[in-house]
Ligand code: F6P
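In the block that follows, a single chain appears as structure tokens, in the form predicted on its own.
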């Protein structure tokens, strides 16, 4: 069967480099006279039949931007039998030969369900959390740089006033992002789970402050501690001003790094090449410096 129509969707949290992945897939489709359709709003778009043909006009000015031109989402409906059947019908009615799914662990679980129901799927790991079984996921490098740059800016004022800070870092249950940021800013003050040692943390902060080093910056993986409450406790025990900071979407927005642009584009192109070779049911991502294919079930860290 000749491949005529391929669809691509982005699901879950947006990750810088998703647009580059779309462009990579589009470029390879153009070379092989294949139509590429975008599914808007993630898995909800499969249910609501939100298929649009991707062209240069849609991509113009957006391929090197953050976010995703196709929008994203987390679909509860997709888990329900009647809506899932609608999604399958829409793929069939739009004559989609294969589907590329860009997203994190939840997105890949949805891909398994589609695969097991006869859909030809290829996945690309797109999440700033880096919580899939690849060396890096699309978006991780940019998010790391975004956070480090934000903390550098905050540090200027902290140093001027001899303040400390408690900063909430994204990552869900995966500590890769907070670990990478800690290495980059040379901080040993990290909270990665709710069972952290408060006394040890206080002792470390006092040691840093007494030695007139850089301001004490505590990095907290989301869901590990309430940073407002923690800041108050540390301020009282350490006898210095300690301010809470929630960086929010600054972490995953903005222009993708050169690394993520190249990663996304190459992965998107490689996904279409796999489809042309009738290779389905796996994810393509970086192992070291090489793009590799893994069975979807082997892509989960948790």
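From a predicted model like this one, the values you see are computed outputs, not experimental measurements. Residue numbers count along the first chain shown, from 1.
As for the form predicted in complex with the named molecule, it is not shown, yet the points below apply to it.
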Quick one: 78, 115 and 117 and the named molecule in the model of the complex, is every residue within 4.5 Å by at least one heavy atom?
no
Select, from the options 127 to 135, 159 to 167, 83 to 91, 190 to 198, the stretch whose residues sit within 4.5 angstroms of the named molecule in the model of the complex by heavy atom distance.
127 to 135
Find out whether any non-hydrogen atom of residue 252 is located within 4.5 angstroms of the named molecule in the model of the complex, and reply yes or no.
yes
Determine whether any heavy atom of residue 172 comes within 4.5 Å of a heavy atom of the named molecule in the model of the complex, and answer yes or no.
yes
Residue 74: heavy atom within 4.5 Å of the named molecule in the model of the complex?
yes
Does residue 222 reach the named molecule in the model of the complex if we count a contact as any heavy atom within 4.5 Å?
yes
Even though the chain is shown alone, can you say which residues of 1 to 30 have a heavy atom within 4.5 Å of the named molecule in the model of the complex?
13
